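Only one chain is included here, represented as structure tokens and corresponding to the form predicted on its own.
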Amino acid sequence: MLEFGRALQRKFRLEAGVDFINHGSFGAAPIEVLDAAERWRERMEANPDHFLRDVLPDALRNAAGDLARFIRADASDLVFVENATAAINAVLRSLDFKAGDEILINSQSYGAVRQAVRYVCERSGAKAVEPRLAVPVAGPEQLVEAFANAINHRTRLVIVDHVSSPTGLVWPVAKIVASARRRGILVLVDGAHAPGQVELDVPAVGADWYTGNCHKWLFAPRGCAFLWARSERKSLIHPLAISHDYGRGFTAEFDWPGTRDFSPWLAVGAGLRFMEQLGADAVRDYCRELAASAAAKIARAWAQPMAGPPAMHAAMMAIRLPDALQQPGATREAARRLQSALMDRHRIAVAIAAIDGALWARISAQVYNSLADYDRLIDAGRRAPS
């Protein structure tokens, strides 16, 4: 069995001298998975006509079958998309909203999701409802209550995170979904960070639609994500690019969005095999324990709170930055500047988020990380970047 930690970095093309503790943003595919994608591209380029017309349809459905088995779903209910943002847009822009309808998100929703909701609301007259969730979060019941209290007879769609992007909190999605569906409300789960980071049985979540990225904790190349739909909801949804197979059903419409590089989708099996070689349970346990240990070490050194209790996290955790690194306004732009400064001046790749008027560092743990990877961040937090 391969050893976790820095010894495993040789399996990735990560730049030497950088502390990569932000796997959650863009992922990092193992070399063998990138090689598998390249083999698919070579096969396509050798005979594009034959590959795209005759090879691709079955190959794509086989890849969907591999992924569906991992998330305990039926392949006929699953399609590939470029990323979770594309899937969420596909759902939002397929549904018909009208003036007076409400779309329920929350103050921790991913920025791109918020903007997509804003777009459809501006065009339809619907309203975005965004209950504020104070951080630190005390426990999962706080998240359930926030949604339950915001739902009313005007709520048409609920979009709930499985793993929150800014904080890394793992949400009690099954309870939130059940509460909404009892009242006849459609639910879309934004599981961008969930596949591989948490054990996943997508149909058991109970949502109408579920999307997840494969380029994070499933080790696939970037540009690989999925959209799952409950059987009776598939006919409502169409891809962003309407193409030749419009009207021929869920999988047919999404499988051919037009000419593109399909290699990230076809290489998902290589990512799953890499994870299975390490042991999916072992990967999740290692990343969860490392994230908890690193976050506790950082929080103690900075004398700052974490975004929630360790039991509500998996492989990502957020810690409030100390005063030395706080900036006036704590805006998204301030977070971006600080994130760039930490890379440029300290060679640290870490996510910085603006939450409730303060800047927070969201750390990630992946199989190539070890506890020492977080030490430079601790030191940087004790002084302003210089």
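Quick caveat, the model's predicted, so the values are computed rather than measured. Residues carry their position along the shown sequence, with the first being 1.
One more form of this protein should be noted, the form predicted together with a small molecule, which is absent from this view; the next part is about it.
Put simply, Ser124 is far from the small molecule in the predicted bound form: not one heavy atom of it is within 4.5 Å.
With a 4.5 Å cutoff on heavy atoms, Ala192 counts as touching the small molecule in the predicted bound form. When contacts are judged by a 4.5 Å heavy atom cut-off, His313 does not count as touching the small molecule in the predicted bound form. Contact annotation for Tyr110: at least one heavy atom lies within 4.5 Å of the small molecule in the predicted bound form.
The stretch that touches the small molecule in the predicted bound form, counting heavy atoms within 4.5 Å, is 214-222, out of 288-296, 214-222, 97-105, 70-78.
Residue-level contacts in the predicted bound form: of Asn83, Ser263, Ser179, Thr251, one residue has a heavy atom within 4.5 Å of the small molecule, and it is Asn83. The partner is absent here, but in the predicted bound form a heavy atom of Val163, alone among Val163, Val158, Leu227, Leu143, sits within 4.5 Å of the small molecule.
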